[in-house]
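Single chain ahead, by itself, as structure tokens, in the form predicted alone.
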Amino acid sequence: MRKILLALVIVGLVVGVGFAQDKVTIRLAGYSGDTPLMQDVLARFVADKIPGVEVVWEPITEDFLAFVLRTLSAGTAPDVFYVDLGWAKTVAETGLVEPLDDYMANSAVLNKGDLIPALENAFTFDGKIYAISKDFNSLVIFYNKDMFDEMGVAYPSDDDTWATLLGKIAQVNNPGKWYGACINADAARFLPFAFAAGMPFLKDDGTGPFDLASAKLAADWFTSFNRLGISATSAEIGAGWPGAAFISEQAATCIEGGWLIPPIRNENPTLNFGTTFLPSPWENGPRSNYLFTVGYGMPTSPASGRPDLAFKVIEILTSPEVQNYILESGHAIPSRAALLNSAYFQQKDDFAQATKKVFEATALPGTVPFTFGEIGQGVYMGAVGEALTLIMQGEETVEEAMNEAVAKLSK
């Protein structure tokens, strides 16, 4: 009898060890700045939801594209990783990122058609989808209502043109107390204005468009705030980025997306602020904006050996429950079409209304995906950023700097 009991104990131990060994770790890598939010989401919505699976968050502090390319090549990529629209095509073309069409076709909770079409199309190359958009964002003007009230200046509005917004920022500028705006020589903030003025992404012959009249018109206007002394860069103000200068009330306006909302809520929750669309070049003129989005992708050969479980994690992270939670945090706009009618958008507080304005801005005609195809984001943005810096610092004229940008892009 004791032999039988001993045998049963041994079998039980072996089975128990087997169960322990069957536990699967799914590594999820993303931007380090998302760590508090993602840890919260994993704890609330993912932990213990998939039997035998532990999801581990890996914040990446190095250049993210370099990290993805390096780990994909080495076969050590995380099971799930962020895919930025700006370089999505680059990683898809490696052949080391798994197309997700078949997974979506067999999923009960995440199918094609659940996503906003523009976001689904953004990550589709050669007819295959390589990432599931987790959320999206666009640019708006943030303004400090108290500063405008104190200076007796009308708030920026959806009807503003470049000229009227420039006038308002000049009037709200209060030397020694705050700047009218915080604007950096940032191509990501400048290009929507150039596109609105009529600048194409490239000329028909594939060369840079920065020497066109539309590009120079936008560059002259965009840099005029700093050249007039009614705006300063974040470095000149002593802030880490324009959003920080706005939060600390050192600048009355800034150009940012929904990512500014959580820091305002956390660092200056009583800030009396509003948001409005980017201005058009002239009255009743065209508008443009960027569609910023990041998706979840998977390697063709995940280290866990369980792509099915990796996709289950993506299903949870893009579920209505998680996306609505992230929406209410003010972090970003959900990518599921059904959530665009969320009751959160009907709330009247500054944070909800700012989130709604960012969403509405994305739907305006002229909004383009933040992507650079074969050219490469670094090359294109670098050429523009250098030109804007030279103009703002008075080292070159608009004509000289923008002509040089064309030459740099052509090298």
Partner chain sequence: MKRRGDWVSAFIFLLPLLFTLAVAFIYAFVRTVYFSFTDYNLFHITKFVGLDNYTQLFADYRFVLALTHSLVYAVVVTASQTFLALLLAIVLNQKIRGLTFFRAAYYVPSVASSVAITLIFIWLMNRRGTVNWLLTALGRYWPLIVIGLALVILVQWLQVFSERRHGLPARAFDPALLGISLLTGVVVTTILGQLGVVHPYPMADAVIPWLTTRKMFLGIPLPLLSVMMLNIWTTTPTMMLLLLAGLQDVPQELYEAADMDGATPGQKLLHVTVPAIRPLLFMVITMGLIGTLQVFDQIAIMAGVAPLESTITLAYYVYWNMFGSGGLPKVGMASAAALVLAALTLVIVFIQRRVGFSEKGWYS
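Residue numbers count along the first chain shown, from 1. Just so it is clear, the structure is predicted and the values come from calculations on it, not from any experiment.
In what follows, reference is made to the form predicted in complex with its partner chain, a form of this protein that is not presented.
Although the partner is absent here, L72 lies within 4.5 Å of its partner chain in the predicted bound form, judged by heavy atoms.
At the 4.5 Å threshold, heavy atoms of G378 reach its partner chain in the predicted bound form. Proximity of A343 to its partner chain in the predicted bound form: non-hydrogen atoms within 4.5 Å are absent; the residue sits far from the partner. Within 4.5 Å of any heavy atom of its partner chain in the predicted bound form lies no heavy atom of N137. The stretch among 47-55, 33-41, 343-351, 64-72 whose residues place heavy atoms within 4.5 Å of its partner chain in the predicted bound form is 64-72. Taking a 4.5 Å heavy atom cutoff to its partner chain in the predicted bound form, the contact residue among E93, D308, E267, D159 is E93. A235 is the sole member of A213, A235, A105, A338 with a non-hydrogen atom within 4.5 Å of its partner chain in the predicted bound form. When contacts are defined as a non-hydrogen atom within 4.5 Å, none of E321, L327 and H331 contacts its partner chain in the predicted bound form. Residues from 163-189 that approach its partner chain in the predicted bound form with a non-hydrogen atom within 4.5 Å are limited to Y179.
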